[in-house]
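Okay, so here's just one chain, in structure tokens, the form predicted on its own.
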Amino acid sequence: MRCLSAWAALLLAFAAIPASAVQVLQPFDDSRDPPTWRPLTDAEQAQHELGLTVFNTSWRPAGAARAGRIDGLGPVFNAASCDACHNNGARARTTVEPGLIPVSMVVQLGGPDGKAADPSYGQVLNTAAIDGFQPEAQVRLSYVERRGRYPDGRPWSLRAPTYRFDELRLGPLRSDTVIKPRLAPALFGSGLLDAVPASAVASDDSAAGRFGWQGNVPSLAAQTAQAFAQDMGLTSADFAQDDCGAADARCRAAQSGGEPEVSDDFLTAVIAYQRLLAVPASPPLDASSEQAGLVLFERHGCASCHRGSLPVSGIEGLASIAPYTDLRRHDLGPGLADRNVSGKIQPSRWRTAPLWGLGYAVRRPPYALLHDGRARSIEEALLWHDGEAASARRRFERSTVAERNRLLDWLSAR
């Protein structure tokens, strides 16, 4: 793909960067201007600024007056800009409260085989539309509170989400359509994750990839092109079809903003912008707190999936990164699993979420955690872990209050 060749060009440029300049973690002094993890050449800086501009651009419908090169939005979509969901490259900044779902959440649709889209609505249920068209649906969220206690008697509370679909323009969803609510993740460090060699994350899971909450997208380039098409209704050379359902003839016949709507230079620049985003550095803990938290993290078994080190290749002066993920997919139990329209639990495997940058989110409320934003805190996110992570959660539950707080403080400093 064109995007992959652009990445190869960037890798060649790394050879000229001194090792001392490669600093993955950077202070985010201005959240509106996230830094890169290494200095840029003049040419790279120009492309970076173009990528930032396109990232922040609100696209317009095809044929809009004076739209220039930024038309083609929709006709149905979820957001008009990348930044609307990934604010300044960060994860969605929202608490995901009851009511209409926020713009930074999309509801993906799947078939019983885990791949096929809904024939009427495509891969994503689009909740917005340009003038002259109607959204595919409105999605309302509510919660059922689940309460319990730690073995020491202290209470905890979790909330389980339920979704209602109103104003379905093309009729009801099929009963076996899988509902997959997804909150926009942070983009920090994406290019570094893309540089982890395949041999370091090899598994028996043939569907495994680097990106997406379920690790089903192979690269950052593919993730970006897919998001343009499915979430914004914008085609590119790497994703030539937007997300009109097979049965939605009017959507499929809508005016185009060009072929492709996102030009090659715009797409390449957006990908390059993301590739070089640094990871926010958190204020350091004192040495004893850092060591005590790490000991608990490893003792509980969290580090078996949230690996503290992964190798990278092709980057001069950088041999490894510490994203706290194995980039593999795991079954986290029925509580976190997707369901179909009829309520049946679907087997679900989740890519281990990187923990780097977690402290940045916690320090900038409002925030929400897990794939659908149900968790209001790191503690809640941890308590949702089940399946392959059940033993780690039980160790956390059986630990003392002081130990639990120590681990949570450590996680808040990642």
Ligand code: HEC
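Not measured: the values here are computed from a predicted model. Residues carry their position along the shown sequence, with the first being 1.
Form predicted in complex with the ligand: not shown, discussed below.
Contact annotation for Asp243: none of its heavy atoms lies within 4.5 Å of the ligand in the predicted complex.
In the predicted complex, Pro185 approaches the ligand with a heavy atom inside 4.5 Å. At the 4.5 Å threshold, heavy atoms of Ser236 stay clear of the ligand in the predicted complex, well away from it. Contact annotation for Ala413: none of its heavy atoms lies within 4.5 Å of the ligand in the predicted complex. The putative spot formed by Ala227, Arg351 and Ala381 is fully lined by the ligand in the predicted complex; each residue has a non-hydrogen atom within 4.5 angstroms of it. Checked against the ligand in the predicted complex, the residues Gln291, Ser81, Ser263, Ser142 give one hit for a heavy atom within 4.5 Å, which is Ser81. Residue-level contacts in the predicted complex: of Gly308, Gly110, Gly89, Gly301, one residue has a heavy atom within 4.5 Å of the ligand, and it is Gly301. Of the candidate stretches 60 to 68, 41 to 49, 23 to 31, 366 to 374, only 366 to 374 contains residues with a heavy atom within 4.5 Å of the ligand in the predicted complex. Along 120 to 138, not one residue places a heavy atom within 4.5 Å of the ligand in the predicted complex.
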